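In structure tokens, one chain follows: the form predicted alone.
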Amino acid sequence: MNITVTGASGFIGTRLMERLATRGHSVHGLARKPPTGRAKQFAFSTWDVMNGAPPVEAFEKTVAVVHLAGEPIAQRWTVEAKRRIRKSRSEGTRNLVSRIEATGKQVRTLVSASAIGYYGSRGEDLLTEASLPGTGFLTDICVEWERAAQQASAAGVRVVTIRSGIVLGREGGALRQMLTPFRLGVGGRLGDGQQWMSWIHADDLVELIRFAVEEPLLSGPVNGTTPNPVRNADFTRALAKALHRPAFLPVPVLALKLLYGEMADVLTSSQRVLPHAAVAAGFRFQYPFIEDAFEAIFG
């Protein structure tokens, strides 16, 4: 099928384009900047999510859209940064949906990114797709983001929102930012380390998105996390072991707040999320355990 992918030159977008191509799909990417490296093999158009609807040529014969574009969350949350984060997701997704609606009945599926920030920090609670949203800036963003994507359903489009957890991969995501202190032997748990971390290997996330595109019975929110969340202390121990480094220096919460400001709350939040919808639909994780994921990444 013909598939259009936004955020196509990013960490997940690049991997997804290649995976979809191996399945025999024709893929057209949308990104703010021209791609580099292997991504050059695909058709690309330029699109800034905050500057109107994407170009018409990117939707020629498109029957499925994957929406990954948005301002990065992992940055200090200044007033301006929070404005960009909110606008890129709510307004950007509405801009995309307006283009999908303009194609008539041509586009049949929209798989849109979201995040487990939807649930807020919930301590020991087990969270599934049926759980209510939490509170806070990221929760508000995710609720608006998903609501904007769901508007496409009024045009008969099947909408899936992937609430991804912490994405692990060597080339990008949260892990890339963690590697330097751990390789220097100064990594460690955040705060008391008892908060739950819900994570997913990048290859599993790509495969879950591919599954959502191809599985016609799947719709609504889908948690993009493995069935085995871990406590932060266990996560950091497993990472240190994979890198053959110690992990005995805890990072004080105050230090995180000085470094990241309000965004530090995300790093210390506790989210014990289970992928009920994906498992019920028959999806199988290649890396269900944190040790397997780190072994695959670091070999």
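The structure presented is a predicted model; accordingly, all values stated were derived computationally and were not measured. Numbers follow the displayed sequence, beginning with 1.
This next part talks about the form predicted together with a small molecule, which is not shown.
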Next item on the list: Just one of 27 to 35, 228 to 236, 256 to 264, 56 to 64 has residues with a heavy atom within 4.5 Å of the small molecule in the predicted bound form, so point it out.
Entry: 27 to 35
Next item on the list: Identify which of 173, 221, 134, 193 has a heavy atom within 4.5 Å of the small molecule in the predicted bound form; exactly one of them does.
Entry: 173
Check: From the list 197, 213, 113, 97, which entry has a heavy atom within 4.5 Å of the small molecule in the predicted bound form?
Finding: 113
Next item on the list: Give a yes or no on whether each residue among 47, 145 and 167 has a heavy atom within 4.5 Å of the small molecule in the predicted bound form.
Entry: yes
Next item on the list: Consider residue 123 of the chain shown here, and say whether it contacts the small molecule in the predicted bound form, taking contact as heavy atoms within 4.5 Å.
Entry: no
Margin query: Using a 4.5 angstroms cut-off on non-hydrogen atoms, would residue 3 count as touching the small molecule in the predicted bound form?
Written below: no
Notebook entry, point to check: Should residue 73 be classed as touching the small molecule in the predicted bound form when contacts are defined as heavy atoms within 4.5 Å?
Noted result: yes
Check: Quick one: is residue 283 in contact with the small molecule in the predicted bound form, heavy atoms, 4.5 Å cut-off?
Finding: no
